[in-house]
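There is one chain below, alone, in structure tokens, taken in the form predicted on its own.
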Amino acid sequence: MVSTAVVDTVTGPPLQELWKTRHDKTRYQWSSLGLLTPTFALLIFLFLVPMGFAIYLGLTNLTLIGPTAVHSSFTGTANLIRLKGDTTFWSSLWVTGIFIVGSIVGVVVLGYTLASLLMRATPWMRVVVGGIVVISWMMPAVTAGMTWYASTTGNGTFGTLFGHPNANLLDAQPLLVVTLASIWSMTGFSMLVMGAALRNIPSEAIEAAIVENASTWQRFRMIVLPLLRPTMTAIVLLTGLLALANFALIYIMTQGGPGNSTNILPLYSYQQAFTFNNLAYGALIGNVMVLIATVFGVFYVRITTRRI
């Protein structure tokens, strides 16, 4: 009986086995570890050691003042048990999720829309509109927070424009307003990156789709969106991380209020550590934020390394 395997006439190994072997892999050289030593040292002392110390602090009873400020002790899972039953923490986690998702969606959609419109605009319009958006992105968080606070409270710009000068939008819809402020402060970055990615899309592909009578939506879904996927993935990751760490903007505008309606995790961690003097519990909440950031990082790596 003749074997079904295709055999090389010279050396004899089945071609199926050769196809399973990747010959483009570079041989690993153990001597290269010496060149990576400075990088490993920086990683250990600037990230792993502080991170390990933060995890340890979250499992102690360290406080800012009082006897345990000097003589703290390891308490094991006591803070974790407290965290599990902390309704304010779970409310803060929910608010943080809404804030991050709203910021990501707004930044991606608005950034793409502006980049797409500016590509078709006149040169002077691109300069004016692009300059305004970039200035809002480069504005310090304190300045942006004060601008939005003044614009959305009583006698503010937005209320006056809509004919209700005494309306306090920040008090009526605090989470919506701070999310819009976050989107406004990060859209410039998204617009610039999206614009660069759109300019790199081959015009021949778009022209061929037009010849085939493809609609605008079909061209976007079949050509533009797949080519923009790596760019959008990077923007989603960076926007999510920036929104997660957006302490100054919300602190200036609401300080987490009214109530806990805008009390995202960075604010709640700060309050526990420096308002209620519970450094250990504040550190534990900070560790939760690191876990969330790790999820974003894993998501980014999986998406960018996935083979098409």
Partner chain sequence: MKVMLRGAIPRLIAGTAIIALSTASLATGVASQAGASSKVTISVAYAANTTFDTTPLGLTWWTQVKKEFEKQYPNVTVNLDAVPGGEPDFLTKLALLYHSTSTAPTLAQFPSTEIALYQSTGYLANMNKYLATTSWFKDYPKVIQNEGKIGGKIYAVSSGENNVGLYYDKAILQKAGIALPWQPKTWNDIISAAKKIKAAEPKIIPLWVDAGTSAGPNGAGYGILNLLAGSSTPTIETSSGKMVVSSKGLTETLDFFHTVFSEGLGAPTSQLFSPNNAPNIPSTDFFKGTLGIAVGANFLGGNWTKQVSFPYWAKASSAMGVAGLPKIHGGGYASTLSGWDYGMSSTASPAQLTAAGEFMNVAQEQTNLIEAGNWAGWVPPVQSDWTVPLYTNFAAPFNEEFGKLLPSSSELPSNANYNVWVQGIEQASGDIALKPSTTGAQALATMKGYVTNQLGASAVVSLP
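Keep in mind it's a predicted model, so treat the numbers as computed, not measured. Numbering follows the first chain given and starts at 1.
Heads up, the form predicted in complex with the partner chain isn't pictured, but that's what we're talking about next.
Undergrad: Can you pick the stretch from 228 to 236, 165 to 173, 210 to 218, 102 to 110 whose heavy atoms fall within 4.5 Å of the partner chain in the predicted bound form?
TA: Heavy-atom contact with the partner occurs in 165 to 173.
Undergrad: Verify the contact flag for Gly85: yes if a non-hydrogen atom of it lies within 4.5 Å of a non-hydrogen atom of the partner chain in the predicted bound form, no if not.
TA: Contact with the partner chain, yes.
Undergrad: Taking 4.5 angstroms as the cut-off for heavy atoms, does Thr153 touch the partner chain in the predicted bound form?
TA: It does: once the partner chain is placed as it appears in the predicted bound form, Thr153 has a heavy atom within 4.5 Å of it.
Undergrad: Given that the partner chain is not shown alongside this chain, does Asn246 nevertheless sit within 4.5 Å of it in the predicted bound form, heavy atom to heavy atom?
TA: Flag for Asn246 set to yes.
Undergrad: Verify the contact flag for Ala141: yes if a non-hydrogen atom of it lies within 4.5 Å of a non-hydrogen atom of the partner chain in the predicted bound form, no if not.
TA: Ala141: yes, in contact with the partner chain in the predicted bound form.
Undergrad: Counting only non-hydrogen atoms and a 4.5 Å threshold, tell me whether Leu64, Phe274 and Gly286 all contact the partner chain in the predicted bound form.
TA: Yes: each residue has a heavy atom within 4.5 Å of the partner.
Undergrad: Mind listing which residues of 103 to 127 have a heavy atom within 4.5 Å of the partner chain in the predicted bound form?
TA: Heavy-atom contacts within 4.5 Å come from no residue here.
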